[in-house]
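Quick heads-up: it's one chain on its own, the form predicted alone, in C-alpha coordinates.
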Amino acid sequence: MIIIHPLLGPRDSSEFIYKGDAALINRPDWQASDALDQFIDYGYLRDNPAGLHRELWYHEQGDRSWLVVTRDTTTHEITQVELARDVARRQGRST
(Lines give C-alpha, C1' and ligand atoms only; values in the text may rest on other atoms or scores of the structure.)
Protein backbone atom coordinates (compact mmCIF):
# COMPACT_ATOMS: atom_id res chain seq x y z
CA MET A 1 0.00 0.00 0.00
CA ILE A 2 1.34 3.44 -0.94
CA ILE A 3 0.68 6.46 1.27
CA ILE A 4 1.02 9.85 -0.43
CA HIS A 5 2.79 11.84 2.30
CA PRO A 6 1.81 15.54 2.13
CA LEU A 7 5.46 16.65 2.34
CA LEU A 8 7.48 13.72 0.98
CA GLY A 9 5.26 12.28 -1.73
CA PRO A 10 4.56 8.57 -2.31
CA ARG A 11 5.91 6.29 0.45
CA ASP A 12 5.48 2.57 1.05
CA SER A 13 3.28 1.78 4.04
CA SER A 14 6.12 -0.29 5.53
CA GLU A 15 7.73 3.02 6.56
CA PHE A 16 4.74 3.76 8.81
CA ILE A 17 3.19 2.37 11.97
CA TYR A 18 -0.59 2.24 12.22
CA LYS A 19 -1.58 3.81 15.54
CA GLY A 20 -5.38 3.56 15.50
CA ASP A 21 -8.46 5.69 15.10
CA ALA A 22 -7.77 9.36 14.30
CA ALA A 23 -10.26 10.27 17.04
CA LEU A 24 -7.29 9.79 19.41
CA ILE A 25 -6.35 13.38 18.52
CA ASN A 26 -9.34 14.46 20.63
CA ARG A 27 -7.86 13.69 24.04
CA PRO A 28 -10.36 14.25 26.88
CA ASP A 29 -10.09 17.14 29.32
CA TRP A 30 -8.46 15.73 32.45
CA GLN A 31 -10.18 18.40 34.55
CA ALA A 32 -13.73 17.53 33.47
CA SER A 33 -16.08 16.21 36.14
CA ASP A 34 -16.46 12.95 34.20
CA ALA A 35 -12.77 12.70 33.21
CA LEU A 36 -12.40 9.10 34.36
CA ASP A 37 -15.28 7.90 32.19
CA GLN A 38 -13.99 9.94 29.25
CA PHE A 39 -10.49 8.46 29.55
CA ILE A 40 -11.83 4.91 29.84
CA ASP A 41 -13.76 5.44 26.60
CA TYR A 42 -10.74 7.15 25.01
CA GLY A 43 -8.38 4.33 25.92
CA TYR A 44 -10.52 1.27 25.34
CA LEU A 45 -13.47 1.88 23.02
CA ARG A 46 -12.89 1.87 19.27
CA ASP A 47 -15.12 1.77 16.22
CA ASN A 48 -14.45 -0.99 13.71
CA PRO A 49 -16.11 0.37 10.58
CA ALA A 50 -16.41 -1.23 7.19
CA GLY A 51 -15.77 1.58 4.71
CA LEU A 52 -14.16 4.98 5.09
CA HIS A 53 -12.21 5.43 8.30
CA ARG A 54 -9.82 8.14 9.52
CA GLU A 55 -6.66 6.63 11.01
CA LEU A 56 -3.46 7.82 12.67
CA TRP A 57 -0.21 6.68 11.05
CA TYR A 58 3.29 7.47 12.35
CA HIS A 59 6.13 7.84 9.82
CA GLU A 60 8.73 5.97 11.85
CA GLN A 61 11.13 5.18 8.99
CA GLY A 62 11.01 8.74 7.63
CA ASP A 63 10.47 12.21 9.00
CA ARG A 64 8.66 10.97 12.15
CA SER A 65 5.52 12.89 11.30
CA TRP A 66 2.00 11.90 12.33
CA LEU A 67 -0.57 11.60 9.55
CA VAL A 68 -4.33 11.30 9.42
CA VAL A 69 -5.08 8.87 6.62
CA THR A 70 -8.62 8.42 5.33
CA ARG A 71 -8.81 4.84 4.08
CA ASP A 72 -11.55 2.48 2.95
CA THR A 73 -11.13 -0.52 5.25
CA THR A 74 -12.76 -2.87 2.75
CA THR A 75 -10.60 -1.97 -0.27
CA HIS A 76 -7.59 -0.25 1.39
CA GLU A 77 -8.05 2.66 -1.02
CA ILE A 78 -6.63 5.85 0.50
CA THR A 79 -8.69 8.92 -0.31
CA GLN A 80 -6.96 11.59 1.79
CA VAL A 81 -3.72 12.10 3.74
CA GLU A 82 -3.18 15.08 6.04
CA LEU A 83 -0.60 16.07 8.61
CA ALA A 84 -2.10 15.36 12.03
CA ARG A 85 -0.90 18.75 13.31
CA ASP A 86 -3.04 20.47 10.66
CA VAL A 87 -6.08 18.39 11.60
CA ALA A 88 -5.53 19.16 15.30
CA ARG A 89 -5.19 22.88 14.60
CA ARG A 90 -8.42 22.94 12.62
CA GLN A 91 -10.13 21.27 15.57
CA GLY A 92 -8.71 23.88 17.96
CA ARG A 93 -6.17 21.55 19.58
CA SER A 94 -2.54 22.46 20.17
CA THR A 95 0.26 20.16 18.96
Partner chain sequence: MAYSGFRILREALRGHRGWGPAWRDAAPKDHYDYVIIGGGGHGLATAYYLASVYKQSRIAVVEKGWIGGGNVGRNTTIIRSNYLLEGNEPFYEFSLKLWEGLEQDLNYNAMVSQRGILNLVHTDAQRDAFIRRGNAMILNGADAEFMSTEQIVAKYPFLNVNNARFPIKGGLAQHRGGTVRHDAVAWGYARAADRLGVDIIQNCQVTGLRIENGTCLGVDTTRGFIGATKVASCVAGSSSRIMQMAGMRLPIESHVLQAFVSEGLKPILPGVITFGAGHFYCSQSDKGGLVFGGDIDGYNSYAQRGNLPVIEDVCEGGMAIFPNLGRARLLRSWGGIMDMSMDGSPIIDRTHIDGLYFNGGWCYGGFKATPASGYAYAHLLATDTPHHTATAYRLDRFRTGHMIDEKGMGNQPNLH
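Everything numeric here is computed off the predicted structure, so don't read it as measured data. Positions refer to the first chain, counted from 1.
The protein also exists as the form predicted in complex with its partner chain; that form is not presented, and the subsequent description refers to it.
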Residue 85: heavy atom within 4.5 Å of its partner chain in the predicted bound form?
-> no
Non-hydrogen atom contact residue 7 with its partner chain in the predicted bound form at 4.5 angstroms | no
According to a 4.5 angstroms non-hydrogen atom cut-off, is residue 47 in contact with its partner chain in the predicted bound form?
-> yes
In the predicted bound form, does residue 40 have a heavy atom within 4.5 Å of its partner chain?
-> yes
Taking its partner chain in the predicted bound form, which residues along 69-88 bring a heavy atom to within 4.5 Å of it?
-> 71, 73, 74, 75, 76
